[in-house]
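For reference, the chain that follows is the form predicted on its own, supplied as structure tokens.
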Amino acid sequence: MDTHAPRRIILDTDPGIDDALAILLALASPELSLEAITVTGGNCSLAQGVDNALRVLALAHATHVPVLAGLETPLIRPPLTAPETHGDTGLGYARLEPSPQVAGSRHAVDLLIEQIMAAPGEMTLVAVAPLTNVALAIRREPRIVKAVREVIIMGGALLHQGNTTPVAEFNTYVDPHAAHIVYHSGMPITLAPLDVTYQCVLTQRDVSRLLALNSPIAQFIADATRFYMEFHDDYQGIQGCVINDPLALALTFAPELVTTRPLYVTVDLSSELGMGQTIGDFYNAWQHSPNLRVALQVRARAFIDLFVTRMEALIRSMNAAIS
């Protein structure tokens, strides 16, 4: 394999505001080749998430990237969406034009299996949604566990409080059974939990930097994140908005942004009170081998600067193409 070739990635997502920013970051990063977007229900309904992914790709003139629908509902629990966080459409106050692209007719789980098995050791999976699609792919074709190059997951909260219940992070809470399957699958997983993502705050000053370039992408980021910032201010007292999913995406090409440690991690499925809690065995009380690499420290401002700089470059390249 050519070590200088772009890293091939599949993004499994539930677009959402920060998911949309992760899509844009993937497109703005020359180190990456975004091979496909697979969608599950989560921040919004499955159909809305697919439509959002298509519209964001169209905004960035990237309609060559296939979008495939996966699972609408979690494995066992009823669906849960987050309109209070992401707005009624999932993209805050942003209103994007419909895309000329249509979603692929195949199922997202089929694509995950086929793409990973077709190129053993080459495909990186970035999973920033409830892990329903990934869990089903593992159950359907267990060989993907050894064939995938790397899995980077945005999910969980270990030493940080939850953002959906006092102890549970949204993606893990929506489908804790899927998370349990994936965490214990043997895949080479790096986990980016709220412990690191909640330090990565995009501010109004950052957005103003982008608006100075006067482009549809800058306006989209401003309109989407304005809703997100209002939520963070009202519910969590945060000035700005946390961009969880782009951090996970960035670790594909800039792993030095975080400090990780190997840790045995599991998910509480036993009670409604603790449902979806991500538990890390920091003192090795259970004497289990580590199953994940967990990011516990982050160079947060370096990441935000990287994100904004990449968005500026994407905007400039699109403006140059138009002119």
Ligand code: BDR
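If you're wondering where the values come from, they're calculated on a predicted model, not measured in any experiment. Start at 1 and count along the sequence shown; that's the residue number.
Heads up, the form predicted together with this ligand isn't pictured, but that's what we're talking about next.
Though the partner is left out of this view, Asp245 does reach within 4.5 Å of this ligand in the predicted complex, counting heavy atoms only. Contact between Leu249 and this ligand in the predicted complex is not found at the 4.5 Å heavy atom cutoff.
Remark: Thr40 does not count among the residues lining this ligand in the predicted complex, judged by a heavy atom distance of 4.5 Å or less. Among residues of the shown chain, Val128 is one whose heavy atoms approach this ligand to within 4.5 Å in the predicted complex. This chain is displayed alone, yet in the predicted complex one of Ala108, Leu91, Leu194, Cys200 has a heavy atom within 4.5 Å of this ligand; that residue is Leu194.
Of the stretches 115-123, 72-80, 212-220, 237-245, only 237-245 has residues with a heavy atom within 4.5 Å of this ligand in the predicted complex.
Of all the residues from 7-23, those having a non-hydrogen atom no more than 4.5 Å from this ligand in the predicted complex are Asp14, Asp18, Asp19.
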